[in-house]
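Only one chain is given next, in C-alpha cells, and it is the form predicted on its own.
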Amino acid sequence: MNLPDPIKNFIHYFSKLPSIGPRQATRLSFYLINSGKSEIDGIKKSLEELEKMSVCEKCFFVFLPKNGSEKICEICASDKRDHGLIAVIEKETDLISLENTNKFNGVYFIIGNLQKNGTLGMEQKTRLSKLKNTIETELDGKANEIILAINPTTYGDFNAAVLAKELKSHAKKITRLGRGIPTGGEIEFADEETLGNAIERRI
C-alpha cells in the first residue's frame, strides 16, 4: 500500500531508533495521528527541547547547560565527588542505573558501545585518549581506581580485558563490578539493590 508521505517520513526516521523497526514505527505513526494534535504538539516540543542538551567534554554524558556556556556536567564539576575513582561504562543508561544506587561517589566515563570482537573502534580510541589525558593532567598520571563497569557477558569480559590493558599504566588499581549481576545480564536492567551490591563487592 502506498502510504502518504508524512507517514513515510515518520517511519523512515523513527525506524532508525533503538528497538524500533519499520513495523513498530508504522504503528506509532497511526497511534499519534489518532491521539490528536495536542499529543503530537507535545512530542514536537519535547524533541525540540533535546536540541538544548550538550555532551560533557569529560565523561560524555548528556546535560542541560544552565547558562549555555558550561562544557562539563554537574557530576564532573562537583567538588563533592571522588575524581580519583572512575567508573568506565558503555552507555548513558548504565550511568543512570549506577547513580540511582546511591552507592557510588566517584565520577563516570562513557566509552561508548563496545564491539563483540574486543576491538576498539575509532570513537572508543578517541574517548580513551581523552580519559588518559584527563588522568595525566588532573590526577598526576594515575587514578586511584578505575572500575570497568562493563556488562558481565562473554564479550563484556573480553572488552574489559582490552580496556584493562589500555588503562593499566593510568590507574593504581583496576577493578570490575562484583558478580551480584548474573553472568549474561546487563547493568541497565539490574535492580538497584543488586547493582549496589556489585559496586560494593567489586573485585
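Predicted model, so just to flag it, every value in this text is computed and none were measured. A residue's number is simply how far along the shown sequence it sits, counting from 1.
One more form of this protein exists, namely the form predicted together with a further copy of the same chain; it is left out here, but the text below deals with it.
- Heavy atoms within 4.5 Å of a further copy of the same chain in the model of the complex belong, among the stretches 132-140, 27-35, 146-154, 162-170, to residues of 27-35.
- In the model of the complex, I72 stays away from a further copy of the same chain, with no heavy atom inside 4.5 Å.
- In the model of the complex, a further copy of the same chain lies within 4.5 Å of some heavy atom of E39.
- Proximity of E92 to a further copy of the same chain in the model of the complex falls within the 4.5 Å heavy atom cutoff.
- The shortest heavy atom separation between I96 and a further copy of the same chain in the model of the complex is within 4.5 Å.
- Of the residues in 1-31, those that come within 4.5 Å of a further copy of the same chain in the model of the complex through at least one heavy atom are, in sequence order, M1, L3, P4, P6, I7, N9, F10, Y13, F14, K16, L17, P18, S19, I20, Q24, T26, R27, L28, S29, F30, Y31.
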